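One chain comes next, on its own, written as structure tokens: the form predicted alone.
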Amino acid sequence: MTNLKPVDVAIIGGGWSGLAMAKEITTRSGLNVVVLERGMPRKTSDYALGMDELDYAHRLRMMQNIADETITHRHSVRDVAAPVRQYGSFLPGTGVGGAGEHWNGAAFRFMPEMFTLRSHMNRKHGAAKLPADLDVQDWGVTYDELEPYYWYSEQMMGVSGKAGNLRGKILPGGNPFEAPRQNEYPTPPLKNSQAMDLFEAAAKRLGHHPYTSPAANLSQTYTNPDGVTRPACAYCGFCERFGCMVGAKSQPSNTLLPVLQRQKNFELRTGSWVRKIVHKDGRATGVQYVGANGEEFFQPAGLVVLASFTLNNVRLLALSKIGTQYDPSTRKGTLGRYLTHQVDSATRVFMDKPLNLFMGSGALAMRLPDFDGDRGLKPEEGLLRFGMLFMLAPGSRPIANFAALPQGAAPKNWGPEWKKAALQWADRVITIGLAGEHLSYRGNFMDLDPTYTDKFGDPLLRFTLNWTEHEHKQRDFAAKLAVPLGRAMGGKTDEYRNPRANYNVINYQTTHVQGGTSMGASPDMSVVNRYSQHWNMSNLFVIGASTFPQNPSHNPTLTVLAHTYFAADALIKRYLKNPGKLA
């Protein structure tokens, strides 16, 4: 192993959180920072010829190589876990920018109650009436504390949207139920599609409050506070699972990297696979990694920031023997606890005319906030929390969206009658989906698998995860709302049947995997404090969605960035002046 020259800060992961933290430290201090990214470099010009749906959307060119590392999954501690051999339920990205390169651009703020969810639910229902296996927690940080950092993030990305609550004043066109914002969005909302207009009109007739989603896809040319200029979206429909060929979608490679590349105290090392955080006497001393040529290195560092995807954050702490593994039988330990994903469902609506669905943008959607959180829920629904219904307009692509047929439209899934029906219904099928909250439960967690290993012989991460009756009821309620909406749009809907099946790793259910290194107010219930500083190691910070104790209905990226900036502020203004515990 080669020992390298010490650096001030070593950051593991070159995605949104890692590059955002690197930008703050390098531009606001004299510290030298190295970012270790195991994937390869990326830039906007790389995507100019990348609109190959088969290669990117189906062969998953931008995702981690599952032959090198995967996870194992089981439904309960009574089951034997098996390796995931083909990506399905989520898609971890690789390379500079990580999942921030192939995301769709949805940029939501969380509702204030999400940050104090345990307290909120105790007040609303009474602690004794909540399910015994419910494991939701307060975050240790509040919406009001994060609000300025949300705005900082929105300016950096140039989020397109319309405020619904501007300093307490409810405005038309936005989400009237959102928390107060101090500033209007940096750019106006994206243009609605024809299908979105139909959905909006139908929802209003039914008494709902639809609004256009905030999006990190620019509605107009924009220059952010760092002087980075990007063009407006062309509505080409190649966003999710693709990098933006013009740079209109906000990605780490076109927002943060241009600033970092100007900094002499910044270094990005790609092809660097971190295997362990090295520590001694309660302090991180550096990072052990394998370079692109297979050689092992030790990078000494005065400060280590773990900023990779949720899975890798949890796994690296476990491989490094930092923290205490969670035990669901005793509820002792914190590492791996609070694993959540996303509760989703879909109701298809078949229309009698073409809708030009091929034109769209990744985060372009009409959202229905009327039942988000616990708003509008009646006792007979049997729900503690719900989520948002939405109608996406991301652009229908030729392979993924071909042959969406109503039941009985063709006798078989092949042959001339099937082809005729597929052509007849092409461009006439839309989907009303659910982005539902996923609450934390005692039996859902992550740990190291005792049997299976990665290409270096290190144990894989094991998921113990299954749905509960609550998630099935969320899907039932989503259909109950979606079917009347589809009919009010003038369409025919699928016959909905909730199979109440187990969680599976086959069907895509968003890449919103949270938990495992959760933040909180005390070390007995969390891995890091409110500033993302590890409770047991003051010079180790862990940032990203792995610090979220549960999953709200909203996409996590904007909150990941806001909390990263919140943590960076504390690190730079307080920790660097007086190294030690911040909370």
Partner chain sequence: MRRREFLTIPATALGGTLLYTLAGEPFRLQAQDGKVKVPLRFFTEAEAKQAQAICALIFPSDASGPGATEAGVVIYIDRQLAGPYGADKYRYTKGPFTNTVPEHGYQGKENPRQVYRQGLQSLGNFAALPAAEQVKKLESIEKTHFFQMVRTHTIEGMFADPMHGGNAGLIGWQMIGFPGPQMSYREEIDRHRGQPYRPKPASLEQIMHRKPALMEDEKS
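Quantities reported herein were computed from a predicted structural model and do not represent experimental measurements. Residue numbers count along the first chain shown, from 1.
Not pictured, yet referred to below: the form predicted in complex with the partner chain.
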Check all three, 166, 484 and 492, heavy atom within 4.5 Å of the partner chain in the model of the complex:
no
Please determine, with the chain shown alone, which of 406-414, 469-477, 117-125, 436-444 has non-hydrogen atoms within 4.5 Å of the partner chain in the model of the complex.
406-414
Residue within 4.5 Å of the partner chain in the model of the complex by heavy atom, from 232, 292, 134, 171, is 232
Note which of 375, 204, 191, 276 lies within 4.5 Å of the partner chain in the model of the complex, where distance is taken over heavy atoms; exactly one does.
191
Residue 348 within 4.5 Å of the partner chain in the model of the complex, heavy atoms
no
Wondering, does residue 139 line up within 4.5 Å of the partner chain in the model of the complex on heavy atoms?
no
How about residue 238: is it within 4.5 Å of the partner chain in the model of the complex, going by heavy atoms?
yes
Wondering, does residue 83 line up within 4.5 Å of the partner chain in the model of the complex on heavy atoms?
yes
Scan 329-361 and write down, in order along the chain, each residue with a heavy atom lying within 4.5 Å of the partner chain in the model of the complex.
354, 356, 358, 359
